[in-house]
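Just one chain follows, in the form predicted alone, and it is written as C-alpha cells.
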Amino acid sequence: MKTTKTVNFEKLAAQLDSVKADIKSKLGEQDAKYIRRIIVCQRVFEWSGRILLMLGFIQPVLWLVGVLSLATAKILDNMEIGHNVMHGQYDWMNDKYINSKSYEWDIACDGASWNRVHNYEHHTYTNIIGKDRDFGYGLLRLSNDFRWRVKNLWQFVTYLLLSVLFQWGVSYHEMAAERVFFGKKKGDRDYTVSHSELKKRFFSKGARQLVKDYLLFPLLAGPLFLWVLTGNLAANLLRNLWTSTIIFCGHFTGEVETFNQQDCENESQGQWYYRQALGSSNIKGGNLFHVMTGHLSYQIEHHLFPDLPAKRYREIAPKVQAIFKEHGIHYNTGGFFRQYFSVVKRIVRYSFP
C-alpha cells in the first residue's frame, strides 16, 4: 500500500469509527421521511413525464419537458434511491420495499448482479488491480498498472460510447460477460453463480427494460407511439450520460490512486479506510446537485461508510476532511468541471504508452 509515515492507522480507524457510530446513533424518522419523500418525488416526475410525452403533438415544448421530467425520475431512481437502498442504507427501517434484498431499479442491470460485483467486490477491493474490476471496467487503461495496447489509442471514443450506453455497460460488466459469453477465465475467481443463471438474469432484466420503454408505454399511447418511444429513448440517454459522468468523476480523476494485491494483505481497518480515501474523489456543488448525484458527489464518504444513508454524507464530510488534514491525507475534491476535466485528461493520457 502507498503509505505516508505520518499516518497513525489505529488513530485514523478510531476517529472514523467514531464518526460512523455518531451518525448511526442519530438515524431515525428524519432519514425515513427523507427517502420516502424522494420516492414520492420520483413517481411524480415519472408519471408527469410519461403524460407530457403524449401531449407533445399539441405543443412540442411539452414533449421536451416530458423528456426532462422522465430523465429526472430515472436519475433519482438509479442514484438517490436504487443505488443507496441497494447498499443497505435503509435496511434498518424494516420496510420491505425500501430494502437492499428486495429493491429492483429502473436499469438494465439486475439488482442481484450489481450487489454481488459492485456492492461487495468493488467496495471491498477498491482500486486493487486484479481484484477490483471497476477500475477501467476492462475497457479503459487508466494507469501504468496495465500494459498499453493499440486499442487504447481510441479509448476516448470507447469512453463516449460507454457513457451513451451506460446502463447496458453496467449490466454487461456486473455479469463479467467476457467470461460468461466468451469463456475468459481468471483462476482466483470464486464462481458463486452459474453462467446459465447470469445469462438468464442479463437477458430477462434487459428484455423487461426494452419492452417497458420501447413497446409497452409507446403502445399504450396509441397513435402517439413515436412521441413516447423517442421520448423514452431521449430520457434514457440523458440518464446514461449523467450517471456515467458522476461515476467517472468519483473514481477516475487524475489524483485517484491504485494499489496492488501484495500491499493490501493483512490490511487493518485504518489501512482500509486510507485506501478508500486515496481511491475516491468528491465533487463540490449545491444541495440539488448532491441529490441528483445520489450524494455520490461525496464519493469519499460513500466509500468510507457505504451503508450509512447518503444524505448524511453532507454532515459527515467536514469531520472527515478535518481528520484527513490531521493525518496529512489528501482530500480529493473540486468543482464539477475541474473534476471532469481531470477525468478526460486521465483517459487521454493513458491512451498512449
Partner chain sequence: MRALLNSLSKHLLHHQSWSGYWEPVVQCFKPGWREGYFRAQVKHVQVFSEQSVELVIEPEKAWPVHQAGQHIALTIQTNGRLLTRVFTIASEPQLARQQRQIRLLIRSQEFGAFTSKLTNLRSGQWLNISEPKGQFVMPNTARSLIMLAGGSGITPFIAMLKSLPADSKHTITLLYYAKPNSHWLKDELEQLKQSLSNFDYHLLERNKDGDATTWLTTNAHKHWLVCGPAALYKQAAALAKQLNTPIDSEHFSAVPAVLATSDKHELTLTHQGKTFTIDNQQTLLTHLQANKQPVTVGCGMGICHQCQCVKKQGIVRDIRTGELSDSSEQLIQLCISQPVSDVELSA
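For clarity, every value in this text was computed on a predicted model and none was experimentally measured. Residue numbers count along the first chain shown, from 1.
Below, we turn to the form predicted in complex with its partner chain, even though it does not appear here.
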Item checked: Heavy atom within 4.5 Å of its partner chain in the predicted complex - residue from 28, 328, 60, 285 -> 28
Margin query: Can you pick out, from 104, 255, 145, 197, the residue that has a heavy atom within 4.5 Å of its partner chain in the predicted complex?
Written below: 104
Item checked: Answer range among 164 to 172, 242 to 250, 80 to 88, 226 to 234 for contact with its partner chain, defined in the predicted complex as heavy atoms within 4.5 Å -> 80 to 88
Check: So in the predicted complex, does any heavy atom of residue 68 sit within 4.5 Å of its partner chain?
Finding: no
Checklist line | Interface membership of residue 47, its partner chain in the predicted complex, 4.5 Å heavy atom rule | finding: yes
Next item on the list: Classify residue 139 as contacting or not contacting its partner chain in the predicted complex by the rule of any non-hydrogen atom within 4.5 angstroms, answering yes or no.
Entry: no
Check: How about residue 43: is it within 4.5 Å of its partner chain in the predicted complex, going by heavy atoms?
Finding: yes
Note to self: in the predicted complex, does every one of 149, 338 and 340 come within 4.5 Å of its partner chain, counting any heavy atom?
What the structure shows: no
Check: Along 93 to 117, which positions have a non-hydrogen atom within 4.5 Å of its partner chain in the predicted complex?
Finding: 93, 94, 95, 96, 97, 99, 100, 101, 102, 104, 105, 106, 115, 116
